[in-house]
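Before any questions on binding or motion, here is one chain by itself as structure tokens, the form predicted on its own.
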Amino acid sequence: MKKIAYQNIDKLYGELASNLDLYMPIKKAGALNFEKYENGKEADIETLQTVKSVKDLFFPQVEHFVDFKTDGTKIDVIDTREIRSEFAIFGVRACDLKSLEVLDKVFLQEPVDSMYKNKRDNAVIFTLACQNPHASCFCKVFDIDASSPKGDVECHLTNGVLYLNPITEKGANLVNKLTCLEDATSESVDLNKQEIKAKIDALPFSNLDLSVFKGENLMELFDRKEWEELSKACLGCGTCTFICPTCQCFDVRDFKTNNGVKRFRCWDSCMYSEFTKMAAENPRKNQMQRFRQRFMHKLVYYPSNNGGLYSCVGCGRCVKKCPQSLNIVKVIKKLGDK
């Protein structure tokens, strides 16, 4: 285990960034998101949560991956996929790390998504334990331990000191190159873990009951009358899907230029009326059906197809960001009452 005084943290950032591209929570215009670290940018690892999750670094909101150049009847296909070399991500919370496991089961199964795989293979992830979890957090419900987030290097910020514990070989290889660190023992980290666990146990949503959300209850849950009531105030704005670390829906769009076509993929949302719309009709015709699809997928469909792994990590972003105060916690509580 290694450590560095928090007052010297810029030395760590600078040394990491001199070895490889470093991404971390950066504050810009009052919002905190993962961006590339450069001198002059305001890095912030004390604030618990970024607006959007670390998903953005592996599955970007917009990704340009192929061009078609035309010259008369001749068409050239140009591969524009970005090929990443090794890079580091610092300050990833346990919930966001768990979200990558959900995305892996989508993008790394055959046929493997080469753009996503390239980024996953080359990322060195420095996680950070959640010193002061929010009341909106409920990661414990999904067996996520915010006091011990793992990753390639697990970090703890306590009593003015940042502790770094390499977990994987590539994490150890990178940490061992850093000259600004000194050796440390684990006593302070062990105590910090106990304090965090106690805080998590006291959170209001830490004991939500998921027992009803099983594959064998699929049709019973699908037909529950409460969906109508729960969805009544939904605006279909898609905010919940765009800040969710596990949502993976996307569309592919072509844009015509003077001499060809540019093809992008971009995030889409099951909450939109245009989502999966076909020439004949839309399979989900009203907002209740779209609302139900979102939460049935996270709590029933996905875990039924992926060994019990839920497509929610309890980060609480939707709890805080929905303009109508509709979120997965309300769904769990309402449907779990019966």
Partner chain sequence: MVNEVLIPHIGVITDIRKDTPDVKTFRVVGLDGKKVFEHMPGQCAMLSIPGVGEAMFSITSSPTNTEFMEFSIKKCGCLTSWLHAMTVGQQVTIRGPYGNGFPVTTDFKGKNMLFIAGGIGLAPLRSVINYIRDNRQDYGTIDIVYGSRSMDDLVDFREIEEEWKNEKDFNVYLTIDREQEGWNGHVGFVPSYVKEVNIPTDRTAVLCGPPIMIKFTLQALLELGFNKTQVYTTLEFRMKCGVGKCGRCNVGNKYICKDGPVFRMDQLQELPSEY
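By rigid core we mean the largest C-alpha set that fits within 1.5 Å across both forms. Residue numbers count along the first chain shown, from 1. If you're wondering where the values come from, they're calculated on a predicted model, not measured in any experiment.
Form predicted together with the partner chain: not shown, discussed below.
- Stretch-level contact analysis of 138-146, 259-267, 160-168, 186-194 against the partner chain in the predicted bound form, using heavy atoms and a 4.5 Å limit, identifies 259-267.
- Contact with the partner chain in the predicted bound form, judged by any heavy atom within 4.5 Å, is made by just one of A43, V66, L309, L48: V66.
- Under a 4.5 angstroms non-hydrogen atom cutoff, the partner chain in the predicted bound form lacks E101 among its neighbouring residues.
- In the predicted bound form, the partner chain lies within 4.5 Å of some heavy atom of R81.
- Residue contact check for K55: none of its heavy atoms lie within 4.5 Å of the partner chain in the predicted bound form.
- Using a 4.5 Å cutoff between non-hydrogen atoms, D113 counts as a contact of the partner chain in the predicted bound form.
- Judged against the partner chain in the predicted bound form with a 4.5 angstroms heavy atom cut-off, the residues A5, Q131 and V153 are out of contact without exception.
- Residues of 31-62 placing a heavy atom within 4.5 Å of the partner chain in the predicted bound form: none.
- Annotation: Cα of T73 displaced by at least 2 Å between this form and the one not shown, core superposition.
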